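Consider the single chain below, provided in structure tokens and representing the form predicted on its own.
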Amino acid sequence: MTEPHIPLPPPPEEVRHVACVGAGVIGGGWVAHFLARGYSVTAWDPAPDAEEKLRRLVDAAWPALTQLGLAEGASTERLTVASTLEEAVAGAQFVQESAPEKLELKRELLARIDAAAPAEAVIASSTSGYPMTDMQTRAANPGRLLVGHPFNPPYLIPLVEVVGGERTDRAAVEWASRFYEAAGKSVITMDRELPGFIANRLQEALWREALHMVNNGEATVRDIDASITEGPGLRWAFMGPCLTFALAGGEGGMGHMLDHFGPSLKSPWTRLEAPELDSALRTAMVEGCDEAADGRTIAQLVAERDQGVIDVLRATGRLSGAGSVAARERSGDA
């Protein structure tokens, strides 16, 4: 990343107006999150029914956000849906782009956002895998472009991974990390680009092994999901896999664990190469998920998931940031 050459943005805690470009599941989730934290949000999406779907998503998320704790003055009425991208970003202090995962589209869109947004606005992409180095190639001011990778749904899952590209100013990365923290997110600031970032790479390893087991008839979708929700997932909600494994070493910690279990790493337990996603495997996965849903609709499953995440966050004491001082200070900006 380059030395700072971007105009000085406002202090992250003073941001009042956010723009969200792309209003699908991820972009709409960002809109809901920012509204709940007391920001004014302007959104844009090219789909003809985008506004209707976006407002429906925000309304569906609002009960969960209310349980989490809204910032004073937080309101769905602070949402404006613009008719053009340029109108959406014109007055923004921060821009979150959440377009589909198509590299050429990302390049074009980020260049348009860069051309239209105020010079001091930092611009982040929600990409789940592309490095910013590959996306910032057409922007006139690439120093302010970076990745702010969320997890679905962004209005509930705290994590956001922040990393810049080769032409991103380090000052922009540091500013964005502080902004996301002020907005109530849990931030990992990465020192270097990594395809898929951190969490997605870990998820991908588990996902590929799950596909192999279904493909080979070794386990059902229900078995695989239960093995996580009734097993290590309960620990991972508050303690990651590395520290969890360290506890397996008893008082000797990770050192004893590695000495004791290290040789098993050479056992051919896992198959990290992805299996061929043919029609048979696809059918097995789809039918397995239908069986696991047991008659529940997608809406019912979403509500169940949202409540489950809230319960876990509450049980593990991670709701303290909902009424932060920064959020309360923004409440005066109606």
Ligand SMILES: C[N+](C)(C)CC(=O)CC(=O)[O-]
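Please read all numbers here as calculations on a predicted model, not as lab measurements. Don't overthink the numbering: it's just position in the shown sequence, from 1.
Not on display, but discussed next: the form predicted together with the ligand.
The shortest heavy atom separation between K185 and the ligand in the predicted bound form exceeds 4.5 Å. Although the partner is absent here, N152 sits close enough that one of its heavy atoms falls within 4.5 Å of the ligand in the predicted bound form.
Although the partner is absent here, T84 sits far enough away that none of its heavy atoms falls within 4.5 Å of the ligand in the predicted bound form.
Among heavy atoms of S75, none comes within 4.5 Å of the ligand in the predicted bound form. A single residue from the set T133, T189, T220, S128 has any heavy atom within 4.5 angstroms of the ligand in the predicted bound form; that residue is S128.
A heavy atom within 4.5 Å of the ligand in the predicted bound form is found for one listed residue only; from Q203, T137, N216, T244, this is Q203.
Heavy atoms within 4.5 Å of the ligand in the predicted bound form are found in one stretch of 195-203, 163-171, 231-239, 86-94, which is 195-203.
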